[in-house]
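Just the one chain here, the form predicted on its own, laid out as structure tokens.
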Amino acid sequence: MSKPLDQSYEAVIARKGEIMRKAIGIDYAVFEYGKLGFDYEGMMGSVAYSLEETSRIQRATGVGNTPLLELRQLTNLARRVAPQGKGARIFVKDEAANPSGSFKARRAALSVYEAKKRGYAGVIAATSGNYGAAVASQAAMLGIPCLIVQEAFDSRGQGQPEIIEKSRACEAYGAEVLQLSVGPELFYIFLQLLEETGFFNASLYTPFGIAGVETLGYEMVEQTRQLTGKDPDAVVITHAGGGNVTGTARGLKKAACSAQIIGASIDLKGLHMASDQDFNRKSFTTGHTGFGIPFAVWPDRSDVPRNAARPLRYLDRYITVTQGEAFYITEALAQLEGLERGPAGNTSLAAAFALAQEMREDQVIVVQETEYTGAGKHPQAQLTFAKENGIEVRRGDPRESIPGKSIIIPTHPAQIQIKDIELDHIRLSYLKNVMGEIPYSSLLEKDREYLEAETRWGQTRIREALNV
């Protein structure tokens, strides 16, 4: 009889490389070289599916081919408050039409398909968001077991309405849901479960997850061309962990589209998402700077050795809006366009509403996604929860809001504005994180080329930033 494996935190973390290889079927070491680099395109190429094959896999379970809708009333409203001649046409890709109600069905479809193809006993994902419902939905369609691990509660046992809604959705699809309190034990328990069950790690951040989103970017371009006779001038993408930006941008490029790629997040500056104290001081669980900035400056913080989401490779601009502005535009979308959708996609829509006022009337701006709404994802539930946690909620100037202390909902559409985050500052933080104590002079030429691709800076600019 073999000796039982040591289940201490230190021992499980020490085995994470072996556990991940078995749970994903990818040996990440094959793609690594030098001091810090890895063959990103080679890793992405390890997904043995073309764009056409990916689309076929997705459509077999009703995923993809979602409508592109022109938001005429919101466009007209933007033009009313914009300077003369400004006010780009606003379109939205209605990803709520996917089976589980979000674009993440695209990521889940490829991962669950791969798990079944390889004969895994089931699928497991660590997520508090729409991805859990997406994996559970796809697993139900393909007839394999599903386990979802969530950070759901703070130390008081209080859970956000949106997370509880996602738990309900996962369970409705037949998944088993394990709910944890916020803290570092999530990854430890996740590794234990992977090792114990032998399930496939349907991580958000594998090449399968990112390749699944490429079809979204590609479809968006094809549909925009059909509806307008031209490519989108700008695409606004809600930025959290980076997979949304990365996959969509790769799809745009495969469609030979050079639209400006703009990431948008809710400004939650000052709140730490791994903090028990801050966990419930946000109005919804994703699409905010608490994920957007950390994953940009250090993408390999994810649950896989090398994250396939690399947003700095693709972002042309990164902007934020406030929670109150996202809630305002959620209400406007419902009342002007007859579309009731959830907050994450409306983060980008709030940003697009302000961006449209910078652009000419003959230009086209596409909001990359919508998501479903439900009891716990509805603004009323989220604002009530905020009040219960001591957050001030009122109407006024959203620029006066303080993350974690107040949510101020605009009184007029002209108050919806955007704030730019300097991408060069994020690139510098990324360089410092990835370099650590490694001397630049010791890097191989491939390492340096890797840093160029990651930051979109030349070597001269990188050396200047590192003072070498």
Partner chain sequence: MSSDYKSTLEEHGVSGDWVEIWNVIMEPGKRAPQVPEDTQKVPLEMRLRGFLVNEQAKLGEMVSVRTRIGRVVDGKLVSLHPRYNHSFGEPQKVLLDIGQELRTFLKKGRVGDE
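None of these values were measured; they are calculated from a predicted model. Numbering follows the first chain given and starts at 1.
One more form of this protein exists, namely the form predicted in complex with the partner chain; it is left out here, but the text below deals with it.
Peer 1: Which residue, Y314, Y120, F291, F153, has a heavy atom that falls within 4.5 Å of the partner chain in the predicted complex?
Peer 2: The option sitting close enough to the partner is F153.
Peer 1: State the residue from M141, A96, A381, M359 whose non-hydrogen atoms include one within 4.5 Å of the partner chain in the predicted complex.
Peer 2: Spelling it out, the residue with a heavy atom inside the cut-off is A381.
Peer 1: Where does the partner chain sit in the predicted complex: which of 207 to 215, 393 to 401, 126 to 134, 344 to 352, heavy atoms within 4.5 Å?
Peer 2: The contacting stretch is 393 to 401.
Peer 1: Spell it out for me: taking the partner chain in the predicted complex, does every residue among P4, I19 and A23 have a heavy atom no farther than 4.5 Å from it?
Peer 2: Negative, none of the three is within 4.5 Å.
Peer 1: When the contact criterion is heavy atoms within 4.5 Å, does W298 count as touching the partner chain in the predicted complex?
Peer 2: Answer no; every heavy atom of W298 is more than 4.5 Å from the partner chain in the predicted complex.
Peer 1: V177 near the partner chain in the predicted complex, any heavy atom under 4.5 Å?
Peer 2: V177: contacts the partner chain in the predicted complex.
Peer 1: Classify T197 as contacting or not contacting the partner chain in the predicted complex by the rule of any non-hydrogen atom within 4.5 angstroms, answering yes or no.
Peer 2: Yes, contact at 4.5 Å.
Peer 1: Can you tell me if Q260 lies within 4.5 angstroms of the partner chain in the predicted complex, counting non-hydrogen atoms only?
Peer 2: Q260: no contact with the partner chain in the predicted complex.
Peer 1: Go through 158 to 187 residue by residue and record those having a heavy atom within 4.5 Å of the partner chain in the predicted complex; state none if no residue qualifies.
Peer 2: Contacting residues: P161, I164, E165, S167, R168, E171, G174, A175, E176, V177, L178, Q179, L180, S181, V182, G183, P184, E185.
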